[in-house]
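The chain that follows stands alone, in the form predicted alone, written as structure tokens.
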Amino acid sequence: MTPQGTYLILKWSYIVVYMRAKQRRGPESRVSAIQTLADLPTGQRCIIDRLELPEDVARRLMELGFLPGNEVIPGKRAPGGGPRVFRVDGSEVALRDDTAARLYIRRDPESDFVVLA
């Protein structure tokens, strides 16, 4: 049992793959603005960088495929400003904006938009 208020923070940038990408692209290509899943337009591909959520919520999202390094594509929003659908790891998962705002991403500015049916 974890104490209330404990957070699990996973950073993809701690993994060796980050070093390879940095060497390949160079330090000049880093995007300065920090973005979250809640910031993206519909269909914009992105890669999850880190989750800053309570441990139990983060663990559940990771079970659903929201792992650092996985690609996520934001979909349509429910009517009335409800949850938004995200495609991740071959499935579709709806997340509220407050949860999506705690999932930080990396995005290639040249990545293609995906048309979601």
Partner chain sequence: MSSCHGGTPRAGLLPNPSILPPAPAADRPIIVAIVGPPNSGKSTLFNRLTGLRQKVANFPGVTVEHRMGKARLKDQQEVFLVDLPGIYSLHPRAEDEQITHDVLKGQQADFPKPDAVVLILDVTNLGRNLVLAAPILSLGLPTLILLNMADDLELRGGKVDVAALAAELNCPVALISATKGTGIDRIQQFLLGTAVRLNAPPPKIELPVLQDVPKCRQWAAKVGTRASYKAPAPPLWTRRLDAVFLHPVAGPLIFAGIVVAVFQSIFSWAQPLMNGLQQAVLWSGRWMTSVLPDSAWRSLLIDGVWSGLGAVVVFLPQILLLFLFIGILEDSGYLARAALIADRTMAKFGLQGKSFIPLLSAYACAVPAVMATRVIENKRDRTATIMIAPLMTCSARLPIYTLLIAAFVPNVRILGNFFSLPAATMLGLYVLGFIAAVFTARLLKSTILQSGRSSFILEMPPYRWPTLRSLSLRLIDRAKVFLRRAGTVILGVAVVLWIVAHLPLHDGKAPTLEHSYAGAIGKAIEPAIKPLGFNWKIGIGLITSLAAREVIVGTLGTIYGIEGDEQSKGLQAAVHHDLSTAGAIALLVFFAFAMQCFSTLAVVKRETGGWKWPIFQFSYMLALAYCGSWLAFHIANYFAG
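Positions refer to the first chain, counted from 1. Here the structure is a predicted model, which means the values were calculated and not measured.
Quick note: we don't show the form predicted together with the partner chain, though the next part is all about it.
A.B. asks: Should residue 79 be counted as a contact of the partner chain in the predicted bound form, where contact means heavy atoms within 4.5 Å?
C.D. replies: Because a heavy atom of residue 79 falls inside 4.5 Å of the partner chain in the predicted bound form, the answer is yes.
A.B. asks: Could you tell me if residue 90 has a non-hydrogen atom within 4.5 Å of the partner chain in the predicted bound form?
C.D. replies: Output for residue 90 is yes: heavy atoms within 4.5 Å of the partner chain.
A.B. asks: Would residue 94 count as a contact of the partner chain in the predicted bound form, using a 4.5 angstroms cut-off between non-hydrogen atoms?
C.D. replies: Yes, residue 94 is a contact residue.
A.B. asks: Using a 4.5 Å heavy atom cut-off, state whether residue 71 contacts the partner chain in the predicted bound form.
C.D. replies: Residue-level check for residue 71: no, no contact with the partner chain.
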